[in-house]
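Okay, so here's just one chain, in structure tokens, the form predicted alone.
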């Protein structure tokens, strides 16, 4: 009887040990997550440490300006704000055309900090919003991956996401763009969906709808969520995995989420009227038909069930056909079939280049190259397939969602480089699962074969402890339900026999699964080396590749580091040397920065909502000087700003973007033809360039006086001497050129300066009047732009 007493006494001890182990594991996981959050925040501060606390890129300047307005005037003024500084003379209603999530988030943080007497400026809050939410995104990744494959995989995925270069590129300090908070909202919405799917809790379903609402407020990429989740629901239905938990996870999201999404002004009725949302409604109908079939199956006899199913399917098909007919009618009334231009570009990668050049002209809308995958996700590209395989062993509802997520995000990232940002969390999740399970296999194999540990001592004890822990839980339940039973010893002996059999079986299986010791050690070292390489690459990408703000440029040469601050120099000149009501024309890339930093009215900006207005500016830049002056004068423009990189070798200048101006302008004004600017199909600015190219406004404003810099007019970007070196401007005058010639500002000459002889009083009055009439008749010709 001694053995049973020892076994009985061991149960509380094992239970206590497991409790302590779980408590210690929970505390350790908490501190690891805390460190991951600190790492995610810290690795994004290189831009502030190396440069300064400044807003990056182009779009963030508009978001910063809107946040300033919100902090100064309040939420009600923000919703009703009509901005007359942009898209002159049309203007823009900000509250109804912007995704307010980022602005409201940063404004709330600023208000809370100032309420706590922490006087931070709006700019400081905007600069550090993205690093803060990158930590939140890492924690959300842990929660999502934990629901799929456990705590170990969750911690690994969170650490990978905290450092992945693709996410760093959009979340460094100063990158105040919508994606800064949208990626967190995306991952957290997916986590709450999986949590609801695993638990069937209506509470989590409600939270899921609220998280989806925050995502809708933050980014137009919310359509990815409202299409991916219906695809997963349909997959579960087709594969026979329908359950009440699936219904609870999806139905509230469609109903409550759609109602909340319609409250966002920029979305409004698009939540129920555009093709991007129709898939969710169709799956919603299918889900209810399937749920009703399962319900009547449980209350009817088999014979009656067949009759009822026939009726339900008939009615369901009729309803689906009616809904589809209505959708087709709505879609057919739209020239784009109810899809937005960007959505059609994702479904058909050639659509934008054929029909909407304004979308194709954006660099982040171009398809990525293979090196960009290695740059943005590095070694995760090799771990993703292993993670997908791990999701199939075993395949559950949550793991099938991860497989579907990675499959769709890979496709979209291959169409548009900007969507590498959506692919990065999926790559981190699958790679975290692969690494976690690989470490588990290798460390278990090493532990099983260590020389100092026999299979009959510690390994058996560990296996027995896990089996005994399960048996102990059953024993506790038995003691509570049968506390007065007299035959308790016999049940314990039976349980002991049950414990021994699973333990022996599990031990035999683990012996078969154990890898050779040398292979396990080498594989483990290779995984550690792979992780170290990933860390080094991510730190380099954060410190060098993605930390430089586009508004302040640097380059290294044999004589040291050179800083190019020409953009702020030009915007500062505009702010201090022009009137407040002056209008500035430039290509749309620089509209947000001009409005935010120079506080001057612009003709077009980065919102790109009016293709005709942008085409007008493109036509002016593509036209001869006189025709361009007439276009700009009709728009009340006083200054024209161009970006030129030929002197310092800055490749993203207006000459390199010029063909897009021609294509966009020619799409609205047919007299602008791209072949007129090409020589034998080649874009040239040298002596072989076409006369149309050499005489257009963009060429003249970029290369005016350029030959004075080196005597030859050698363009360092195009690596050639310019074709037309010596010319004068008749309708524009240069008023400012920055130190490195990167930004050049010209002023339109007033009309009276071009009509010679009108104010002169001389003996040759007849000649002057004849000349004036000739000028008037020339100016009276029909403007091809009109």
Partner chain sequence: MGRASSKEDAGALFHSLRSAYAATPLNLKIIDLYVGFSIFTALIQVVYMAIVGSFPFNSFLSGVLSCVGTAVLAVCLRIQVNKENKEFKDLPPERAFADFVLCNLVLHLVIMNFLG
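Positions refer to the first chain, counted from 1. What you are looking at is a predicted structure, and each value in this text was computed from that prediction instead of being measured.
Absent from the display: the form predicted together with its partner chain. The rest refers to it.
Enquirer: For a quick test of understanding: in the predicted complex, does each of 243, 255 and 269 have a heavy atom within 4.5 Å of its partner chain?
Expert: Result yes, every residue of the spot touches its partner chain.
Enquirer: Looking at 308, 685, 283, 598, which is the one with a non-hydrogen atom within 4.5 Å of its partner chain in the predicted complex?
Expert: None of the other options qualify; the answer is 308.
Enquirer: Looking at 407, 263, 379, 386, which is the one with a non-hydrogen atom within 4.5 Å of its partner chain in the predicted complex?
Expert: Checked against the cut-off, the match is 263.
Enquirer: Considering only heavy atoms, tell me if residue 248 and its partner chain come within 4.5 Å of each other in the predicted complex.
Expert: Yes, residue 248 is a contact residue.
Enquirer: Under a 4.5 Å heavy atom criterion, is residue 295 part of the interface with its partner chain in the predicted complex?
Expert: Although its partner chain is absent here, residue 295 would touch it in the predicted complex, with heavy atoms inside 4.5 Å.
Enquirer: Although the partner isn't part of this model, could you tell me whether residue 299 comes within 4.5 Å of its partner chain in the predicted complex, counting any heavy atom of the residue?
Expert: Result yes; residue 299 sits at the interface with its partner chain in the predicted complex.
Enquirer: Looking in the predicted complex, any heavy atom of residue 304 within 4.5 Å of its partner chain?
Expert: Residue-level check for residue 304: yes, a contact with its partner chain.
Enquirer: So if I measure heavy atom distances to its partner chain in the predicted complex, which of the stretches 541-549, 643-651, 522-530, 203-211 falls within 4.5 Å?
Expert: Among the listed stretches, the partner-contacting one is 203-211.
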